[in-house]
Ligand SMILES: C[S@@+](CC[C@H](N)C(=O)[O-])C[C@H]1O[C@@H](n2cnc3c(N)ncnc32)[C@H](O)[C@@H]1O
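Given as structure tokens, the chain that follows is alone and in the form predicted on its own.
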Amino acid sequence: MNMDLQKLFESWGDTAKGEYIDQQWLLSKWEVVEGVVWPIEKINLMTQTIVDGIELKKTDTLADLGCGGGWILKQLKPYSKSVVGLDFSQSMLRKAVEFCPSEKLVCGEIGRLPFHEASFDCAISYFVFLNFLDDDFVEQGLIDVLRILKRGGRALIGQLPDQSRSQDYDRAKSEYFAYCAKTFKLGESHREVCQAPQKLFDIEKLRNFLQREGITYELKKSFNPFYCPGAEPVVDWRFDLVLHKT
């Protein structure tokens, strides 16, 4: 794991104040402007997109890999039998303890997951793999996620930027921030303060790796992180990768 990336996440966790606890800070750590609040409609759309994408059932055990402050973990708890959150940042996990005090939280990293083989029915890693710039690390991480799934299990690796659609992403982001400027009283932009890496995925290269490893998978449209009233709930300039353990 890149130590600079870990230090950056530790810094974010230490910077987060109490008022972020129910807002997007604990989800979109790299795309935060103070004052932007996710309405319940947007939260519900995101949650349902994940649940449908992974076919999560109330009998399933779930691992949230890269859980950050536990925002998504808490949303998914009612849809599963049990949830375990993992993050490599102690400071983010301290926020998760505040937000999800009754859930099991573990410090560890993708690629060297501290779980036994076949431990979970399902796993998610949302807004996480786009931080991993190295292809070898991405591939190692995907294999490690498959390892901890039971036979028949499913993993959703969400919010992967499509390299060929980066201009569409930039356009959507610009439109969204124009909407936010009109709708909210904006404060500091933490993206400008703390720049984070973002990997752009070559879908054909990813397909070739998955096929070479004999991994069963699906590519799905992803939840629109820039959703606002009247916008499409899912987009194709980001995609979700669903892995199936056969």
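For every residue, the number given is its place in the sequence shown, counted from 1. The structure displayed is predicted, hence computed values, not measured ones.
Not pictured, yet referred to below: the form predicted together with this ligand.
Residue in contact with this ligand in the predicted complex (any heavy atom within 4.5 Å), chosen from I72, A96, L142, V83: I72. This ligand is not shown here, and in the predicted complex it never comes within 4.5 Å of any heavy atom of F120. Contact check for F9: a heavy atom falls within 4.5 Å of this ligand in the predicted complex. Residue contact check for E109: one or more of its heavy atoms lie within 4.5 Å of this ligand in the predicted complex. Put simply, G66 is close to this ligand in the predicted complex: some heavy atom of it is within 4.5 Å. No residue of the trio Y179, F184 and N224 has any heavy atom within 4.5 Å of this ligand in the predicted complex. The stretch among 97 to 105, 123 to 131, 167 to 175, 75 to 83 whose residues place heavy atoms within 4.5 Å of this ligand in the predicted complex is 123 to 131. In this stretch, 135 to 165, the one residue having a heavy atom within 4.5 Å of this ligand in the predicted complex is F137; the partner itself is omitted from this view.
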